[in-house]
Every structure is written in structure tokens, then in C-alpha cells.
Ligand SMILES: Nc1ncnc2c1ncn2[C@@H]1O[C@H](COP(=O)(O)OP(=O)(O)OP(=O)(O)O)[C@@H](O)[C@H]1O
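The chain below stands alone and is given as C-alpha cells, in the form predicted alone.
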């Protein structure tokens, strides 16, 4: 496979409308399940503008979670391209994707995904640890966040 220069990538970029923050072009995700291939996504394209609200709807098995995992940089496409804030993220390595998840995009899971052995305070504090927020500042922000949602009295409780 020949290396692609940044100039070639720029030439391949689709026409972006002003305000596009997410651009997905012909995105596919195929999983190998033994001798069979499961096509979870087949050629999805979309543009999402800054401050736009979008609902991804469809029946079970239609690829909603797969698309969200790709947009959230939790998975990589089998083919196609994905730009986030004008950066081609569909071809980044795991470390670069981790940085994007840490600095560029948030993800709210349908289920809680809390650490069962950690307190509410620590669960809220955890993303701030990963982004390098100093200990005193992250503790203050975590306490403030729990207070704002009415959970100050449960800050030392575990999720269960």
C-alpha cells in the first residue's frame, strides 16, 4: 500500500459546508464472524453542523450503535472516511484516537458504564484524571457536578 501524503488527503476531502463538525463519507464497518462477514454499516454518509441536534433512529440491528461507536472514535471503519472538526480521524492510530476522545468528542452511553467499585465522586472525577486536570481542581469540579444534579449526599456511594 502506498503512503498518502497530506496533500493527497486534502485533495480527497469532500466539499465541506460552513459549520460542518462531523462529516462521514461512505462509511462501512464489517465484522468477521468466523467464516462469515457481517456488514454492520454499508456506505453511510452524513454531515452534522456545529450546534445541530441529530437523532439516529432505526430498528434493532440497523447499525445505530456501530455508527455511534465510529463517530465517538471507539471503533474504526472498514472503509470510508470520517472527519471531526476538519481532521480526518478515520485513519488515526489508537493513541491518536484516544487523544481525540479525550479532547474533542464526548460520548454519553445509554447504560451507566460506571466503575462498580468506585464511588460516585471517583466515577465523575475519572475523565478529569485522564485529561490531566490537577487533583484539587478535578475534586472541586466533581463535587460541584454531583451537587448540581442533586447527588451530593450520595457522593461516597458506589453505583449499586
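Because the structure is a prediction, the values reported are computed rather than measured. Residue numbers count along the first chain shown, from 1.
Another form, the form predicted in complex with the named molecule, is not on view; read the next lines as being about it.
Q: Identify, from the list 113, 45, 62, 102, the residue with a heavy atom within 4.5 Å of the named molecule in the predicted bound form.
A: Selected residue: 62.
Q: Quick one: of 128, 40, 97, 121, which gets a non-hydrogen atom within 4.5 angstroms of the named molecule in the predicted bound form?
A: Spelling it out, the residue with a heavy atom inside the cut-off is 40.
Q: I'd like to check something about residue 55: if you look in the predicted bound form, is any of its heavy atoms closer than or equal to 4.5 Å to a heavy atom of the named molecule?
A: Result no; residue 55 lies far from the named molecule in the predicted bound form.
Q: Within a 4.5 Å heavy atom cut-off, is residue 33 in contact with the named molecule in the predicted bound form?
A: Flag for residue 33 set to yes.
Q: Considering non-hydrogen atoms and a 4.5 Å limit, does the named molecule approach residue 133 in the predicted bound form?
A: Residue-level check for residue 133: no, no contact with the named molecule.
Q: Residues in which of 87 to 95, 45 to 53, 113 to 121, 64 to 72 have heavy atoms within 4.5 Å of the named molecule in the predicted bound form?
A: Going through the listed ranges, the match is 64 to 72.
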